Every structure is written in C-alpha cells, then in structure tokens.
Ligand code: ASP
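Only one chain is shown below, in structure tokens, and it's the form predicted on its own.
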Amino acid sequence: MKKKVYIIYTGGTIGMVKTDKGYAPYKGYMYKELDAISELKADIMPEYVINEYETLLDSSNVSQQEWKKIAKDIEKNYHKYDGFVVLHGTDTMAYTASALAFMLEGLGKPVVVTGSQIPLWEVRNDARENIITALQIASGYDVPEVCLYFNGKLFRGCRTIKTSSDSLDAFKSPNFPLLAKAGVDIEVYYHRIIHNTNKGLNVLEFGDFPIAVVKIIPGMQTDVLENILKPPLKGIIIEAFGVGNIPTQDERLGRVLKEASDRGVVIIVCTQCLEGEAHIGVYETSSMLVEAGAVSGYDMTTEAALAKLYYLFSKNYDVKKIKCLVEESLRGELTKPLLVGVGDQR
C-alpha cells in the first residue's frame, strides 16, 4: 500500500502570487499547483492530503498561536498518516521548526518543514523540488524528528538558521551536520538521527511567556538592558560576543543582571558567532554573567534557545531546574550527550 503524508500549508512564498502590493498568499492556489505537478502522481510518490489553513500567513506574522495550531493538527492526524510536511514561509521557518521539535513530545514519525525562495507559479523556482523531496523523506525514510528540508539538504529542525534572503541555499546548520543529502539518491545519515524511546505523541502547548532576545553591541548602555529586564520579563537570551563576553566597564550592569536573576529571570547566553559556542566564565569579560546566575547556551541557535525556554516554562519547572536543563541536550539542540529520563526527553 502507498504511504500517506499529511501536508499542512500555512502560507509563505511557496504559494504566493504577485499582487499590486507585492507577493501575498492566495486562497486555494496551493491545491491547484500541487495537482499540476505530474511527479506527485508517480507510483513512487505517496498519497497526500493537504490542509490549507483558513488564514494564510507570510511567516513574518507567525506566532506562538500558529506553532500550537500546527502541533495540534499533527497530533489530531498522527495515527492516520506515515509522515507530515509543513509548507511554511522561510523568514521564520527555523523558529517554527525549533518550536515543533520541543512541542511534539514522543514524536515517532517524520515531520518535514519546507518552503521556497521562489513561488511555485514562477517558471524557474525551487519550490517544486523542495516539495517532492520533502514528501519522499516524510513517507519513505525512518527519520522520526522535526526536520527542515531545503535545497537538497535535510537538517535537524532545532539546529537551523536562515542565512540568506536571496540564495536558494538559504539555510544552514552551523554546529551540526546534515541528517540527509538529496543528490542523485537521497542519502540519510542514520547514525545522526534521534529515535524516541517513548510511545505515543503528546503535544505540549507553549504558554504565553514574556521572553526577550538582546544582541550585545559595543558600548551598550546599561539603561537599555535594565529597561528590558524589568517585570514581567521571565526569560532573556543574550547574544554575546565570542564565547559569551559582554562589556564590563559599567559595573552597574552586573547589578542589573543580578537583580533580574534574583527575581527569577532566566538569562541564557548564546554567541553572535555563526559557528562555535558560548561558554561563560572562560574570559573575565563574562565573569559578570556567571556572578549574575546566567547560564551558557553553548552552541544552540537563538531560535532553539527561544523555543527551549518556552518549553521549559510551559513544563512549570522551577527556575533552578530550568537553568539546569537549559545546559543539557533535550532534542539534540546542543552538542552534549542526549539527556534521558526527564519528562519526554529522548
């Protein structure tokens, strides 16, 4: 029997048409375009059902509500299909892939997030190949993770970032190798795949927690960070220099960070560098962060750190446990041995 794949179409460039105001999603267009792709009717291709969302969004407008909607949609149809493909805009695709990786507890089937830089209606586009290969991976390969497929490469979803606004090679996984590569054949690197030992899918819906992301700049004024750290903030991801360094000329910055941490604000330090990791305490210029009670994000992307914070807050863990788990690998989002035996972690 043919495998079955459930396609979720959320919007994005892949199904947009040209309007007077620029590219925009068009209701009903994706059904017509997929039906016109002759390759999808080949014997080797799976059967598919497409759910086009009522409100199609440019991914710039995707929020936590859309993450929950996608996750619950997968949960509702989990036992009917062999795999899932999420068609999504590229701008926030890495955020959605990271969020789904944490929300879909106990995942045992492929979830492949993809999209395109050029719409399907254009004569020359990257949408066609991305859809065809995403469907093949979702139906024919044992890759039970949330993945992101783009331009012949399959990435772990919570390891990805968008690196180009105009190249067809738009995504990278700076600190973790590919899960698969699609050339003449689709070559899957199974030794890198995480297989969940828990049985049954459960969706953890993220709560609406106030979380901020701040990029440190030379000479950054303490007042700016102090205003961001005020209540009701619960968590902050600081994109620091190098391995986790910040300016230290203003001693008041240390007090501001410590006061926020003492109020229960979780401070995660990631690096602005594309590759490598943040490990606070290596240099004196990160000692202020250590003393304030911040934790290292190691080689997590900012997108993954954000999703992880939402996940841990939604678990209702206390601050001590959250800080501990931030520095552990729960979904393969950072380069450490996978932590097992805590909740749904694999």
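All of these numbers come straight from a predicted model, not from anything done at the bench. Don't overthink the numbering: it's just position in the shown sequence, from 1.
Another form, the form predicted together with aspartic acid, is not on view; read the next lines as being about it.
The contact residue chosen from Glu291, Glu33, Asp58, Glu47 relative to aspartic acid in the model of the complex is Asp58, the criterion being a non-hydrogen atom within 4.5 angstroms. Listed residues Thr90, Ser261, Ser173, Thr133 were compared with aspartic acid in the model of the complex; Thr90 is the one with a heavy atom within 4.5 Å. In short, of 205-213, 112-120, 220-228, 177-185 it is 112-120 that has heavy atoms within 4.5 Å of aspartic acid in the model of the complex.
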